[in-house]
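One chain comes next, on its own, written out as structure tokens in the form predicted on its own.
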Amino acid sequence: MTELLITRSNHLVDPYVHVWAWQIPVYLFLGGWVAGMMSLAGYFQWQGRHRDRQCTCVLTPWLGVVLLSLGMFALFLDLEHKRYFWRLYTTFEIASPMSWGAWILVVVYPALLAAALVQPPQWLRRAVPATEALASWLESRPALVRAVGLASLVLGLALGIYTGILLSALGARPLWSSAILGPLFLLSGLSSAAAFVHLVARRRDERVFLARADNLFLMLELAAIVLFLIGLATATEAHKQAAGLLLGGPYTAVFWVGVVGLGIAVPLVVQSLAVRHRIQHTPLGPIMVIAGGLALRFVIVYAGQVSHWAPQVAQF
């Protein structure tokens, strides 16, 4: 059934056919970004921080609904057979990452809305009085709010790792044929989310906490990139040639300068100095992290489409 919905970006079973689409990298980035925000908001709600209306966990679920919808629209634009997308929801194929992703998203939307209604914004309380009553009802049941937060945290982690598994399950592309892609995309989504929340947070203690969390995510992301490259470079000849796309090939500059340098290393230094009070907190670091997360998806998707199992075709 999922074959009916295969995207044009995944049409590249022929190594001589290249389709440079922007929709899939954008979808993967927005999905990972929302996953990170869900995880962070869920953690804050589980900790009971939602009682403070200045907590970013009041904003991020609403923003998550918007961004995830934009990501789904980008994916829809890339579908080869748009009229049949609904068929994903008539069955569940346990071996299909696309099927898993479709059903995860069915649960993610209600989880985002439940997290958003724990502490509705003032404009919504005035426009829809029932949300005020619902928030009061939830406030009187802290165990239920903690359950909502935990569900948001778990589903966010599942959504984040799925964005990488979606690519790694496509064995036709050796660059994507790595179990590290799931954790790598999850960590990238967490770091982008922490950077954004750090950027918009009102409370100083929350900004410091999120900057430190982002530094941890960035270090783990860097370690995942190293493991990803080592795994490729020590596997088959096709995997080695795929790694060569990032290690001396046409994607080397944008990967090492744009993703690793400007997207991870520089923000890590800037934010480390900021949390140690050596410099003032600046939006430069978070913005670079978010841009680096987007660049990572474009590089992995585009380079993956060039990689293939026929060594004689790999020209770079």
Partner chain sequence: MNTPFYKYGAFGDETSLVVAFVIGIGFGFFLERAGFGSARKLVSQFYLNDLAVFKVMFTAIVTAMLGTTYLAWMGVLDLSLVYLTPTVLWPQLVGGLVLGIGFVIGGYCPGTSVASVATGRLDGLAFVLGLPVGTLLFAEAFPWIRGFYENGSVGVQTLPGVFDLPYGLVVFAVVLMALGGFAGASWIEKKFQPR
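Residue numbers count along the first chain shown, from 1. Values in this document were obtained by computation on a predicted structure and should not be read as measured data.
Absent from the display: the form predicted together with the partner chain. The rest refers to it.
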Non-hydrogen atom contact residue 251 with the partner chain in the predicted complex at 4.5 angstroms: yes
Taking the shortest heavy atom distance, is residue 69 within 4.5 Å of the partner chain in the predicted complex? no
With heavy atoms only and a cut-off of 4.5 Å, decide whether residue 65 touches the partner chain in the predicted complex. no
Within a 4.5 Å heavy atom cut-off, is residue 47 in contact with the partner chain in the predicted complex? no
Okay, which stretch from 48-56, 277-285, 22-30, 35-43 lines the partner chain in the predicted complex, with non-hydrogen atoms inside 4.5 Å? 277-285
Assess the spot marked by 138, 145 and 147: is the partner chain within 4.5 Å of a heavy atom from every one of these residues in the predicted complex? no
Let me know which residues along 215-243 have a heavy atom within 4.5 Å of the partner chain in the predicted complex, or say none if there are none. none
